[in-house]
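First comes one chain, alone, set out as C-alpha cells in the form predicted on its own.
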C-alpha cells in the first residue's frame, strides 16, 4: 500500500467513529483524486479475503470486522475485560519494579500510605509475587512477575524506562536514589539536596 493508503487505514482503525472524507482529507492533508485513490487502495487491501472491510456507515467510513467473522468476534467481546490498574496500583507496581524486591513497610514509606490492599490486589492479579523475607525485619519481600512484564510489553526489567529525569525530593530522596543507583537504574550521578 502507498504511504497515504496506510495513513488512511490507520486513521480508520484508530477512530472510534466513522470518518467522513473531509475529515480524512484534513488529517492526511490531501484531498480529491489522491485521497479517493488511497481509500480505494484500502478497500482493495481489505477485500473479500480479509476479516476486515471498509464500510460506509453514518455518513463516513469505518474499518470494521466482516459479518462472516462476527461469531468469533462475539466470543472475544463476551470475555471479561481485563481491569484497569488504579493510579495507586501503578505507583506501587513501579516502586516494586524499580526497587524490588521490597517489603510492604518500605512501599508504605515511599508512598506515604499503607499499601496492604494494593499489594494484595497486585498479587491476586499475578503482577507481584513474594520473593522471600527481609533479613532484618522478617517482612515479606515482593517482586514483579513475568505476567507484569508481558502486560507492559517488557522483555525484562532492564527495559524499564530510565528514570534519571525524575525529580526526587524530601526526606526519602537520598535513600530512594541510593537504592536506584544500587539496582542499576541510575548512572552514578550525585543525589540532589533534599
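This is a predicted model, so every value here is computed, not measured. Residue numbers count along the first chain shown, from 1.
Keep in mind the form predicted in complex with a further copy of the same chain is missing from the figure; the text below concerns it.
Peer 1: Decide whether residue 35 counts as a contact residue for a further copy of the same chain in the predicted complex under a heavy atom distance cut-off of 4.5 Å.
Peer 2: Contact check for residue 35: no, nothing within 4.5 Å of a further copy of the same chain in the predicted complex.
Peer 1: Might residue 21 be said to contact a further copy of the same chain in the predicted complex, defining contact as any heavy atom within 4.5 Å?
Peer 2: The answer is no: residue 21 has no heavy atom within 4.5 Å of a further copy of the same chain.
Peer 1: Contact with a further copy of the same chain in the predicted complex for residue 39, defined as at least one heavy atom pair within 4.5 Å: yes or no?
Peer 2: Taking the distances in the predicted complex, the answer for residue 39 is no, it never comes within 4.5 Å of a further copy of the same chain.
Peer 1: Could you confirm whether residue 130 comes within 4.5 Å of a further copy of the same chain in the predicted complex, counting heavy atoms only?
Peer 2: Within the cut-off, so yes.
Peer 1: Sequence order please: the residues of 11-25 with a heavy atom within 4.5 Å of a further copy of the same chain in the predicted complex.
Peer 2: Going through 11-25 in order - heavy atoms within 4.5 Å of a further copy of the same chain in the predicted complex - the hits are 11, 13, 14, 15, 17, 19, 23.
Peer 1: What direction does the residue 150-residue 52 Cα distance move in the predicted complex compared with the shown chain, closer or farther, given a change of 3 Å or more?
Peer 2: Distance between the C-alphas of residue 150 and residue 52: shorter in the predicted complex, by 3 Å or more.
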